[in-house]
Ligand SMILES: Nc1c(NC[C@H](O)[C@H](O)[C@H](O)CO)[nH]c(=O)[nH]c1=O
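Only one chain is included here, represented as structure tokens and corresponding to the form predicted on its own.
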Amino acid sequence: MERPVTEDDLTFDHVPETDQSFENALAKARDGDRLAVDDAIELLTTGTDGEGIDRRRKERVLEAADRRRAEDVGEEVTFVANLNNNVTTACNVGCLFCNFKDAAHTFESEYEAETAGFTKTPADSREIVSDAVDRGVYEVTSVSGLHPAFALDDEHLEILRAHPEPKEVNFKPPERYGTDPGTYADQLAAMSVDGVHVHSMTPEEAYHARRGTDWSYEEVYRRLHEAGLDTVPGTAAEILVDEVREVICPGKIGTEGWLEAMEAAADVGMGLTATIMYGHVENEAHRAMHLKRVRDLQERVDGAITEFVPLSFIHRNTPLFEHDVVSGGASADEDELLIAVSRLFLDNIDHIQSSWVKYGDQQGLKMLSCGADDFMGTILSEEITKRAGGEYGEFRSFAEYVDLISSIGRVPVERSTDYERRRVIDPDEPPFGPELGPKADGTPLLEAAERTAPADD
């Protein structure tokens, strides 16, 4: 039996070696010059001329990024009233960084044990979103496993049913399962309640929604947009370098496919976000290459990317950790440098997000002084990070946002998904709740009795 790959076995063509110097790279960043990949590598490593991170150099990078943040977007820290409604954990792609999924066969009616995961019907999703909208939420984010019964719409479902080799297209009919998730179009229509903004259908999900057809990504996203999709989350990006993807997610969409899908979504008129998931097997060269590909994509989509979201890998409970491919995630120094270099490198993306789900409150606030200016959203439910071993709660109230942001001398601002609508919040004028949505009147989203204590309380 072949021994599984471990951390010591990994070798890559791209390594963090450059002909640039740290001082030259920092000078370019301070002067506002457009950075190259080698510059980003020098800043992310605090210089390839030495081992480990030099803390004094790191502080100089953070200072440059914080100055750039102030110049670009000022002192506002934004957040949004949103809900996560992930439809299903059923998936059989086998990404090694993920513990959100549950093996798809465990959802089948004939499976003898009870599955550990969940699937929601369109009716379930509508009820969940309707309740959230009544409370004042105006964005729903939905990212789900690649359920074998999922089809784009009724036409796609019939194509998959007629396919001569359904296994080749990862399809099993809905009646094989205890719960029918409906089609992607069904779910999007169900979540489109009272003008709520639907942020869903990653490039990986779009890939799943066109399997077994010759449809273009433009056709797929056009149909999804007509069904109720408003904007597309640029997750499933992980690291946009295929030699890394071959290790952590060999069954997933490749770099070029991800970029093609994102361009297609923009071409049919939808806004985008972009992400990086770092701190696993990749090195600083891969991180820098990823930033370059996102910046180039933003040029091609004419500014459709509204924000960049660094996601620090949560290693606990994931196959990468359990199989000794990684021994941990990114350090706090690496987190801070990734945020900072994102701000300095992505000169055509205005907003950099700090994730309190990934970093926690204290470090999340620190990121707002490293180049970030957005602090996510209320979320109400968050399953993906929690199932991977994340320690930081599932809900953030407006009152908590106001208190946290004010504590570092910044200005709390409620925003819409696309950043077009903003409400500056006066910390001296409670109560605090959302006001931008169709049913948002400033009432707190949850009463104290309804709150579930975060895991770190």
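Residue numbers here begin at 1 and follow the sequence given. Just so we're clear, the structure is a prediction, and the values are computed from it rather than from any experiment.
The form predicted in complex with this ligand is left out here; the points below concern that form.
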Checking Gln187, Thr119, Gln353, Ser342 against this ligand in the predicted complex, the residue with a non-hydrogen atom inside 4.5 angstroms turns out to be Gln353
Which residue, Leu157, Val309, Val77, Ala285, is the contact with this ligand in the predicted complex, using a 4.5 Å heavy atom cutoff?
Val309
Listed range touching this ligand, judged in the predicted complex by heavy atoms within 4.5 Å, from 363 to 371, 80 to 88, 215 to 223, 148 to 156
80 to 88
Can Val357 be called a contact residue for this ligand in the predicted complex at 4.5 Å between heavy atoms?
yes
Is it the case that His290, even though its partner is missing from this view, gets within 4.5 Å of this ligand in the predicted complex, heavy atoms only?
no
This ligand contact in the predicted complex: Thr45, any heavy atom under 4.5 Å:
no
Examine Val133 and determine whether its closest non-hydrogen atom to this ligand in the predicted complex is within 4.5 angstroms.
no
Across 399 to 422, the residues having a non-hydrogen atom within 4.5 Å of this ligand in the predicted complex turn out to be Arg415, Thr417
